[in-house]
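Before any questions on binding or motion, here is one chain by itself as structure tokens, the form predicted on its own.
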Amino acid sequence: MQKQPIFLDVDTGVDDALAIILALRSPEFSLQGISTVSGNVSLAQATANTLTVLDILDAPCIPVSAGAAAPLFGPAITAGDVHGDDGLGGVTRAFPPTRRRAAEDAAGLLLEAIRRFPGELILIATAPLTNLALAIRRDPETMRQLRTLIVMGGAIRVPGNVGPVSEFNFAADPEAAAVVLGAGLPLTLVPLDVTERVTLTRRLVEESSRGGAIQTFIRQITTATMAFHREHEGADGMFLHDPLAVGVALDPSLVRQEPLAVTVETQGAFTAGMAVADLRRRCRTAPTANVCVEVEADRFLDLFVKRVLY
């Protein structure tokens, strides 16, 4: 079987870690590299967390490159309240990484991967889009040679998760999100509209935690995040935001998509990072993304549990 080349751009918190595990446990994929960016945690912590996840999985040598330490404009925001101060539920002291990051910068590593697989590489971005915006500025023609760009971000018909209308990845760097959505790339958007319909419950994690070191690691890193979701969202578990983006790359039939004209608000005092979709029946603006609007949540969760938890 010829494997699909993919590349991940992450700010490794808990759900990014689960997405990396799903990607590496999917035999359909050949992971060509991972770039990291400031988001859930600082750039240095996101990079260390990514290397730790690869260690835990005993993964082959996969280049991990550090990217932007701050958004294009303004101060960085993080999500330690959701993921723990270290991004992985406070457990990283017990798992210091043994691997080293690549010397090449994130944009360079990504562009090189696209050039090796022109028209074939799938890029899955589960973080603020700063690295992607910088790569577009450096070489827009190469970026347009992606087979698909799958972005976990935005909220189209549902409320935001860091404000009334803004989702975290877009709110963390609205200008970068605007650059990416305006670049004419073959873009699939995986917004909160679908990711918040997929919940990993505590029961599923506990039932699998007897399976070995990886399952124990997953139980440990998800504990604090699930407690946050229980307190603030009333959810029995945690939303699988980033793993669903990997799932869409694995099997697009898991979701129903609509081509929509989506832009990103960058200036609003209360709306910076808002994904603005033109939902008018006679929209005259060309679509900028295929937006996931429905998901077969049970089917994806079954796939996730079988590949990640067992």
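The first residue of the sequence shown is number 1, and the count goes up from there. Everything numeric in this text was worked out from a predicted model, so none of it was measured.
From this point on, the text means the form predicted together with ligand BDR, which you will not see here.
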Original post:
How about residue 161: is it within 4.5 Å of ligand BDR in the model of the complex, going by heavy atoms?
Top reply: yes
**OP:** Determine whether any heavy atom of residue 130 comes within 4.5 Å of a heavy atom of ligand BDR in the model of the complex, and answer yes or no.
**Re:** no
Original post:
Can any non-hydrogen atom of residue 135 be found within 4.5 angstroms of ligand BDR in the model of the complex?
Top reply: no
Original post:
Using 4.5 Å between non-hydrogen atoms, is residue 173 touching ligand BDR in the model of the complex?
Top reply: no
**OP:** Heavy atoms, 4.5 Å, ligand BDR in the model of the complex: which of 116-124, 136-144, 67-75, 162-170 makes the cut? Say which one.
**Re:** 162-170
Original post:
Can you tell me which residues in 1-39 come within 4.5 angstroms of ligand BDR in the model of the complex, by heavy atoms?
Top reply: 11, 15, 16
